[in-house]
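In the block that follows, a single chain appears as structure tokens, in the form predicted on its own.
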């Protein structure tokens, strides 16, 4: 009994020893900044001078700020524009590339290549593609008989431009996740469906879609979280404009903190963003746990 207890304590000590480096880094680079951010939200501070404690004033001003709510609206428009469409496109690509077709590896590489391209570089590429005067997309539209579109300088099309770029950028990543999910579905289900006379469409709705649901939920939640954190493509393509039509959460925080020097106010906005991200993370865990119990 004594030996078992001693061995248990030894294993526990060894576990903490191996975990210590990761826990130290987590504390320094995640926990401490988060606590500091939370506390800063209770102060009026320009980032350099003395702090002035103002309690919940930043949060009260935040909730009364029409610019903030406009930013929230833009963020959800961006999410609704990128997540469902991007997932649908990635699923179609995954279903096509799951089949044994010639050059399948090459196509997978081509579709995945935007993922490994930096967001700033990708944004600059799309700035060139969408240029009003000499962009390729406008030239194609003119050859087809349409008028040129002011993609990046019109508040009607600027958000659409960022959404298109983001869908293009993330499609390969989502496709790989869907391919991983599809690989876990046994071919015996489809063989049984063919014997019963089910069509390809019926097999998809009765077999592929239900069994792919855990992967779909995972991708959806991850994409929503990443969409809330969107910054680089906004900075590279539109700088939040025109007239704030593409200003989303993180860019709003950036403007307040590093352009307006309202660090306390920006910290309060960042805490709201953190709560939203934690909510969707918790939602993912809850749904996943429920689905595991059902299955």
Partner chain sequence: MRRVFFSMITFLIGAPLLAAEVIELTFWHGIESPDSVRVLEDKITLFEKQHPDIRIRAQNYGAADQVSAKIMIAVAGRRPPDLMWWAPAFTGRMAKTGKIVKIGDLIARDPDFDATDIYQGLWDVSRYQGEIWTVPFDANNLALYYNKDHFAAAGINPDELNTWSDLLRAAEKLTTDNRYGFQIPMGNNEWTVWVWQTFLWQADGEFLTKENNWPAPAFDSAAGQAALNYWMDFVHKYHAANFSEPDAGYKTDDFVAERISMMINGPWNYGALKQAAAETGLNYGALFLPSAGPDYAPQDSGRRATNIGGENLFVFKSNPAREQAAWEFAKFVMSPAFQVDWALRTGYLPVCRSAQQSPQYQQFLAENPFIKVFADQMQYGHARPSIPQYRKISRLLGKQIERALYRKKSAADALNDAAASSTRILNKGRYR
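Positions refer to the first chain, counted from 1. Being a predicted model, the structure only gives us computed values, none of them experimental.
Just so you know, the form predicted together with its partner chain exists too; it's not on screen, but the next bit is about it.
Comment: 248-256 is the region of 248-256, 266-274, 28-36, 222-230 lying near its partner chain in the model of the complex, near meaning a non-hydrogen atom within 4.5 Å. Mapping the unseen interface onto this chain, residue 153 counts among the residues with a heavy atom inside 4.5 Å of its partner chain in the model of the complex.
Although the partner is absent here, residue 60 is not a contact residue: none of its heavy atoms lies within 4.5 angstroms of its partner chain in the model of the complex. Although the partner is absent from this view, residue 49 contacts its partner chain in the model of the complex, with a non-hydrogen atom inside 4.5 angstroms.
Contact between residue 55 and its partner chain in the model of the complex is not found at the 4.5 Å heavy atom cutoff.
Along 236-252, these residues reach a heavy atom to within 4.5 Å of its partner chain in the model of the complex: 239, 242, 243, 244.
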